[in-house]
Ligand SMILES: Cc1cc2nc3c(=O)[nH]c(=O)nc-3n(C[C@H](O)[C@H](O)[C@H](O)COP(=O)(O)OP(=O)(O)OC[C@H]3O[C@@H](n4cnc5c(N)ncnc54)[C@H](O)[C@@H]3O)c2cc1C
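In structure tokens, the next block holds one chain alone, the form predicted on its own.
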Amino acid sequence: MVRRAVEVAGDKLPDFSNYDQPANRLSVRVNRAIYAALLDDAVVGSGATLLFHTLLAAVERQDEQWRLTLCGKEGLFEERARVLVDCSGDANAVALAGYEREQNDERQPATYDACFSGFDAAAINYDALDRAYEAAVTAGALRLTDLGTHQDHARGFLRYRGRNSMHLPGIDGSTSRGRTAAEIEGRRGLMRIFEFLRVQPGLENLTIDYFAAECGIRETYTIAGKKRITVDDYAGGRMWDDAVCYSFYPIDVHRPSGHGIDYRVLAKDTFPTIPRGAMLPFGSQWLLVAGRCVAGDQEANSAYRVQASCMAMGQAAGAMAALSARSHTEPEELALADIHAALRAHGAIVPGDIS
């Protein structure tokens, strides 16, 4: 679907043969509107039932099936499933089913995303702008985290036009109250930045092109899994005996204070893998997890939480769920060769197939 979205948009994939480039230059950028429409068609065309605007209210294992209570705009209703896959990012289904989640004492900050324009970057006196920024922080008109983690402060913020820059420390993104607070605080920060920049020389015509409808949450919970990925496993490129997919991204811990990033590029030819056991909540059966809440420590999680890794985990979880439901075999008991064969059949990159 990513390749198709790039093709339809008339764009090109990065040059993956030059793997010495920074990770951001190897990331595939897609047109969001095209990608979303293609995904809709793929899911609906597969025969799956697609349902937006729905939350999970209760989970119970009953009569060898999962009994799910869902909350839609029309109220509560029930669905049943033989195998359940939790891709909520927060392990919501795992918690409602009664299994353990883990949370770090200090979590990485959230980010509120917006994009600015209406200025000529070459016409700005950045030394004067930095002095004004420091004075605004001292006076309390701005927070140190408002312009993100850019070492060159306002210069870096404007270089990226504000995108992926506004950090919000201390956010609990696992609850509706916490998510609401994050979005309110994100928009407050956006206004602080806008009001500060608009009165600076060269930025009088500053405009806000877009702002995010939701606040980006990096970290909430991970599951207590049957296996757990440590930073040594990840950075060492461990090939787990039950590996179902790869990850690739550098260690990328955004400091809980909201200012500064612990960014560690992986050694060349290091390709971490994700084990099936880290996708299985401890003590559970017929339950799989994919995405950022897979079992791991904070440093490893900071790397495998990114989109491409989550997509690989999601594909692996989907394949395991389908095989499990079809064969009436618990996911942990599936033959690894059968999982890998199903993934290869659908174009996945299977651990062990590359060197």
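We number the residues from 1 along the sequence you see. If you're wondering where the values come from, they're calculated on a predicted model, not measured in any experiment.
Only in words, not in the display: the form predicted together with this ligand, which the text now covers.
S.K.: Can any non-hydrogen atom of R218 be found within 4.5 angstroms of this ligand in the predicted complex?
M.R.: Contact check for R218: yes, within 4.5 Å of this ligand in the predicted complex.
S.K.: Taking this ligand as it sits in the predicted complex, is T329 near enough to touch it, meaning that at least one heavy atom pair lies within 4.5 angstroms?
M.R.: Result no; T329 lies far from this ligand in the predicted complex.
S.K.: Can any non-hydrogen atom of G89 be found within 4.5 angstroms of this ligand in the predicted complex?
M.R.: Judged by the heavy-atom cut-off of 4.5 Å, G89 is in contact with this ligand in the predicted complex.
S.K.: Answer with yes or no whether N164 is in contact with this ligand in the predicted complex, where contact means some heavy atom within 4.5 Å.
M.R.: Because a heavy atom of N164 falls inside 4.5 Å of this ligand in the predicted complex, the answer is yes.
S.K.: Among 260-268, 80-88, 136-144, 204-212, mark the stretch whose residues have heavy atoms within 4.5 Å of this ligand in the predicted complex.
M.R.: It is 80-88 that comes within 4.5 Å of the partner.
S.K.: Between the options V43, I34, L56, A322, which residue brings a heavy atom to within 4.5 Å of this ligand in the predicted complex?
M.R.: By the 4.5 Å criterion, the partner-contacting residue is L56.
S.K.: Using heavy atoms only and a 4.5 Å cut-off, determine which of V30, L38, L68, V306 is in contact with this ligand in the predicted complex.
M.R.: None of the other options qualify; the answer is V306.
S.K.: Even though the chain is shown alone, can you say which residues of 267-286 have a heavy atom within 4.5 Å of this ligand in the predicted complex?
M.R.: Contacting residues: none.
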